[in-house]
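Just one chain is shown here, as structure tokens, and it is the form predicted on its own.
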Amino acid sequence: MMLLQRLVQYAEETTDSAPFHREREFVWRIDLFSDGRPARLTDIREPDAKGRLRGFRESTPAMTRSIQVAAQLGADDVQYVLGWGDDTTKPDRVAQCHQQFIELVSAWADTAGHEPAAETVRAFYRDGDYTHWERPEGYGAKQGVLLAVDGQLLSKAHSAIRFWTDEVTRRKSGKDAAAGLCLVCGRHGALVKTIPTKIAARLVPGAGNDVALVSVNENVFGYGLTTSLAHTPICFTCGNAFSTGLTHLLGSEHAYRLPGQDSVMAWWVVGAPPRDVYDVMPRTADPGAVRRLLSRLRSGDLDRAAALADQQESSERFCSVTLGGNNSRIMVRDWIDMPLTSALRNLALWHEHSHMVSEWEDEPQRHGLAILLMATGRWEGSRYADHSSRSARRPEHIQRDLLARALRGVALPPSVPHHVLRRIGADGHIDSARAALLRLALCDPKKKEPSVTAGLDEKNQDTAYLFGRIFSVLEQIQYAASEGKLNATFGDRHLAGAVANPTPAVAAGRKLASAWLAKLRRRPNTRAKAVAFAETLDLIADLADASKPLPTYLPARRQMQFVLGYHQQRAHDREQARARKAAQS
């Protein structure tokens, strides 16, 4: 119930939509004129950025309708407004739809008194000239039509809004109109039998039809095997407001929705400006804002503020809801309502733990949510498979797992690092983003001091980490000895198996390294490099505890250590090489 209350509060503070209205796309517009000029039908579609024709989006009267005929006032489908069917409709039903639309408009006109618009609309349907219009080629019975009089949309008239509010109340109260205490606002009022407005299917991944956030339309879902909201009393104002608020959120820049993922997350802030949060969210992080946030974390200011907010039940709240669809059902996969400073502390730890060195940059890199999500997909040689690609093999829950880590401050589920390790083995590709995902999995999300460094950890004596470093050096020795003339490198041949069991690969590499180093020593210009490689190998090997050999098959956490050792050693050596080259030039 708290979710509904927060959404109602958001709608009251943020939206100015008329009651029981919803935005939809319209293809046609009928203009009527009170001065006697003939009415006209216009195609209002325009090409988008890709040249595809798109209709005009407008907020108009809307109410949930399933299989019943239920006209909307002033703007509806072609079959309702003009009575035109197509190959997908039945003539009897189309006639019924059109008749009901005429009756609804006439009923409004009767209540609107002597408004010119009412008289004009009444005359339009009484005269019936539109029945002789030539039907446009390619029209659809379910395309939207707007009705306008003298340039003003009928649905915007004050009298029409009042009439529509009363009409929805009449329809949604049912035969036995009920009144009582609303569970959402706690006030006495008329209660809905079903929620009047739905969330558009296009806003909820997995939804096949428009969906209602609260619905009891089958006996098995209701208390005492009853349908409708008899045991969940919600007033009309709240029933409309939480749907309006949620629709506004899901269509805003605060919604996270990527192709191939099973959910959409939308967030908002209560009692504080949202901009400060927007600038540090994983998808829209501003480097300057993140630096300031991390400064507060390191100074201890965020810890103190979060503790105080928990004690005093701060009125500044961070809220988010994660939704998924299942045909005509909506699933609330996650719901967060926490003190704002606690959410900011979790976000600061997310940014602190997702830092990672790169082969191509001197400083550790931060990674946005989109980049981390991309890195969980298949590597195609030069880039990751697109989000929408079916062959990307990207789990559909990755987005909500990462967002839960960032916002709730909970550990990533084991499925995430397991998947990343499988992809590394299959693709033979490790980069900064994949290494950052493994670091996020290894670091405790509640601790300010990360247990895994962003760059090379020369004090780390974990044997798996050291074997990763050795593997990287062996790969470099082979590359230098062959002067880059290789069809397949040591890494290409052995990395997939070495992640889970590095001992055989490293042992084979150490044997081959004797020949590679000898080759380097024979060339005057690489003799010093051979000495440096040999010293590095010995230095790393000396750190390993010989009394603690690696098992035949590494558990996941130690596989991650191997990968991080490999990546960080490689990034460190590339950075050193760039520094030497810069010093020589």
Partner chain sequence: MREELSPSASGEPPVSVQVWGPGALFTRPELKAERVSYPVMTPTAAIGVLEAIFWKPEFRWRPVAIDVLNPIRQFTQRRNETTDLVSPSDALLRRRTVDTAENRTQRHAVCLRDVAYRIHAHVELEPHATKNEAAYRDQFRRRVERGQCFHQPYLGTREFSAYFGKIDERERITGHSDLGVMLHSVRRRGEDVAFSWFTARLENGRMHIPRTGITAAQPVGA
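Worth saying up front: this structure is predicted, and the values here are computed from it rather than measured. Numbering follows the first chain given and starts at 1.
Just so you know, the form predicted together with the partner chain exists too; it's not on screen, but the next bit is about it.
- With the partner omitted here, the residue from Asp310, Asp301, Asp110, Asp166 that has a non-hydrogen atom within 4.5 angstroms of the partner chain in the predicted complex is Asp310.
- A heavy atom within 4.5 Å of the partner chain in the predicted complex is found for exactly one of Gly368, Pro445, Gly260, Pro233: Pro233.
- Within this chain, Asp334 lines the site of the partner chain in the predicted complex, having a heavy atom no more than 4.5 Å away.
- A residue is said to contact a partner when one of its heavy atoms sits within 4.5 Å of a partner heavy atom; Leu153 fails this definition for the partner chain in the predicted complex, lying far away.
- Using a 4.5 angstroms threshold between heavy atoms, Ala95 stays clear of the partner chain in the predicted complex.
- The partner chain in the predicted complex is not approached by Ala426, whose heavy atoms all lie more than 4.5 angstroms from it.
- Per the 4.5 Å heavy atom criterion, the partner chain in the predicted complex is contacted by stretch 180 to 188, the sole one of 180 to 188, 475 to 483, 433 to 441, 113 to 121.
- Taking the partner chain as positioned in the predicted complex, none of the residues of 108 to 144 brings a heavy atom within 4.5 Å of it.
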